[in-house]
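First, one chain by itself in structure tokens, the form predicted on its own.
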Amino acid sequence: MSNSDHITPHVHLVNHPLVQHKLTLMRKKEASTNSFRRLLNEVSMLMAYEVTRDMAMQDVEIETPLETMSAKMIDGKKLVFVSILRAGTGILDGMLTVVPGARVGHIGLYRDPKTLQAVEYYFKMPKDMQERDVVVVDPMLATGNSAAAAVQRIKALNPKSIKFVCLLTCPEGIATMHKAHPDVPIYTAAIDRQLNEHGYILPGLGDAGDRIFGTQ
């Protein structure tokens, strides 16, 4: 039995009790920066377990203390975690703990406060992306504009596959992503009620970047 429920064919809700418990602690407004960061790291490790469930394996020959055997290993070097700056860093750290061999890409996007559209200011990816599976990470899938823009840029490099991982999303964000990229599955720990007029998720947990880095 998987701890990832399919809400629609492209949305996986990671509903494991440990993930949900830690998310609740993160939502509390009194959670300190230190506590928020630590919890996000732990949730990211747990979500990495679900996201990598279908990773390709290869057979390698190893020596146990008793004999030689063929055993399965993942090729972490084929996996790329792409962090949407700056808040994506919070999820990236936890995922790298689980798959330390993964490569890392960064894409810098900020949301224009007037139009709420994504504006790119940084883009750096590993080489040979066409051989790699990509996991894009950002704590919040709110309007969905930044995520859709990031995935569009990555698609131009023709990777083998793309998944999107966030901590929180809402119906509006899912709709934007699905319309732009129906082939990209979304992994999330919660689907909240709605966006407010400023593009923040309700009930949400505030600005993830500010809470990770202790900024205002």
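Throughout, we count residues from 1 along the sequence that is shown. The model shown is predicted, which means the values in this text are computed figures rather than measured ones.
Just so it is clear, the following notes concern the form predicted together with a small molecule, a form of the same protein that is not shown.
- With the partner left out here, the small molecule still marks one of 138 to 146, 119 to 127, 72 to 80, 99 to 107 in the model of the complex; by a 4.5 Å heavy atom cut-off that stretch is 138 to 146.
- Remark: I201 counts among the residues lining the small molecule in the model of the complex, judged by a heavy atom distance of 4.5 Å or less.
- The closest heavy atom approach of V14 to the small molecule in the model of the complex falls outside 4.5 Å.
- None of the heavy atoms of V19 is located within 4.5 Å of the small molecule in the model of the complex.
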